[in-house]
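We begin with a single chain expressed as structure tokens, specifically the form predicted on its own.
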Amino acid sequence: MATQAARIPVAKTYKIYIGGKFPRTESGRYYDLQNAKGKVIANICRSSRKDFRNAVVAARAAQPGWASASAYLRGQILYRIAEMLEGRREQFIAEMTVQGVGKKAATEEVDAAVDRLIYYAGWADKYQQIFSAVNPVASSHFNFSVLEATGVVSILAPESSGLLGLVSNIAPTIVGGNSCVVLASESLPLNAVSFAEVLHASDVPGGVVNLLTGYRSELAGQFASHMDVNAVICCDADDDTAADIQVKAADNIKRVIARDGINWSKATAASPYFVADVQETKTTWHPIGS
């Protein structure tokens, strides 16, 4: 009697997220994600420059509509993201542990990510009250300064915090009306791709958040040099990468926001100033009197 052959497990091939859809990388390239024992646990898309350009096109198309949505609606959608993440809590914890994060630490990180989304949802209709102003002037005018979204923001996510660090940069970026293109952690990418599925089910318009995976060394220059990106957030860059981003971003006077050495689990890693970092200040003069 023939014996049953041992089953060969199938490693999942994770896709990227562009314009509200889940395409495979146009490059056809992947890298093996391995656990601590060297076993392949997933195939991760190695995104190309073309993928990044496609993501920027999607982000630019989505940004005006997202920026014109009411603050109340943006807050409600961020809250919905938190609800959906909470509902898939066990999946995210399992993904973290398979990547080598301890169960206790994984649980704390997922819970903190949910809390952080709710934190920024609450700021949706409040940050203008903090950072806007009526300015004193010497002439017969009212002078107002208010914040506006800067546009499309590229984000090089933290390498050591695959979910909480990712959420802590996406949430303050989009709550103020920006769209974004994000490169996930190279060594801890699983939660990022699953987070794209959460976004997809959370009323976030397609193109507002676009998530890529791949090698930072291949894509960091594109994130900084693309002429239709208005600001770049760079987390935990080494000295050479940080200097290269500054030089390339200067060509179109792109704002560079460096976030280095931040412990994303601390309360100090959540701040309305992260919202203000990716806002422009518009000042309006209005005459008064005759």
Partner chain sequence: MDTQANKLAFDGGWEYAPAPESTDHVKIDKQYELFIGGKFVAPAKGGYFNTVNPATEKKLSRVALATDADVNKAVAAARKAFNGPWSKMKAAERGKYIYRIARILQERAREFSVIESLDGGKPIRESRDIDIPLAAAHFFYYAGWADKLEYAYPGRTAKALGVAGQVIPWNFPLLMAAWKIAPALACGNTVVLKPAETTPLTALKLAEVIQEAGLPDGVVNIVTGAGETGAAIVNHDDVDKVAFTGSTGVGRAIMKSIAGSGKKYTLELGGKAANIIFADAALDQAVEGIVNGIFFNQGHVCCAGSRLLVQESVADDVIERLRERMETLIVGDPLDKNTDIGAINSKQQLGRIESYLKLGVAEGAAMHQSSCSVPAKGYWCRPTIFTGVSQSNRVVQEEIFGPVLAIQTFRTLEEGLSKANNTQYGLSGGIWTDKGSRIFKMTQNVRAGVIWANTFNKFDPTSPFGGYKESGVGREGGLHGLGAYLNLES
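A quick note: this is a predicted structure, and the numbers were derived from the prediction, not measured. Positions refer to the first chain, counted from 1.
Just so you know, the form predicted in complex with its partner chain exists too; it's not on screen, but the next bit is about it.
A.B. asks: In terms of non-hydrogen atoms within 4.5 angstroms, which of the given stretches 135-143, 161-169, 96-104, 213-221 touches its partner chain in the model of the complex?
C.D. replies: In the other structure, the partner sits against 135-143.
A.B. asks: Quick one: Asn252, Thr268 and Tyr273 and its partner chain in the model of the complex, is every residue within 4.5 Å by at least one heavy atom?
C.D. replies: So, yes: the whole triplet contacts its partner chain.
A.B. asks: Ok, Ile262, Val256, Val57, Ile41: which has a heavy atom sitting within 4.5 Å of its partner chain in the model of the complex?
C.D. replies: For this set of options, the contacting one is Val256.
A.B. asks: Exactly one of Asp115, Asp125, Glu148, Glu108 has a non-hydrogen atom within 4.5 Å of its partner chain in the model of the complex; which residue is it?
C.D. replies: It is Glu148 that has a heavy atom within 4.5 Å of the partner.
A.B. asks: Using a 4.5 angstroms cut-off on non-hydrogen atoms, would Thr13 count as touching its partner chain in the model of the complex?
C.D. replies: No - in the model of the complex, heavy atoms of Thr13 and its partner chain never come within 4.5 Å of each other.
A.B. asks: Find out whether any non-hydrogen atom of Gln34 is located within 4.5 angstroms of its partner chain in the model of the complex, and reply yes or no.
C.D. replies: Judged by the heavy-atom cut-off of 4.5 Å, Gln34 is well away from its partner chain in the model of the complex.
A.B. asks: Can you tell me whether Phe131 touches its partner chain? I mean in the model of the complex, with a 4.5 angstroms heavy atom cut-off.
C.D. replies: Result yes; Phe131 sits at the interface with its partner chain in the model of the complex.
A.B. asks: Decide whether Ser27 counts as a contact residue for its partner chain in the model of the complex under a heavy atom distance cut-off of 4.5 Å.
C.D. replies: Output for Ser27 is no: heavy atoms all beyond 4.5 Å of its partner chain.
A.B. asks: Going through 271-287 from first to last, which residues have a non-hydrogen atom within 4.5 Å of its partner chain in the model of the complex?
C.D. replies: If the 4.5 Å heavy-atom criterion is applied to its partner chain in the model of the complex, 271-287 yields Ser271, Tyr273, Glu280, Thr281, Lys282, Thr283, Thr284, Trp285, His286, Pro287.
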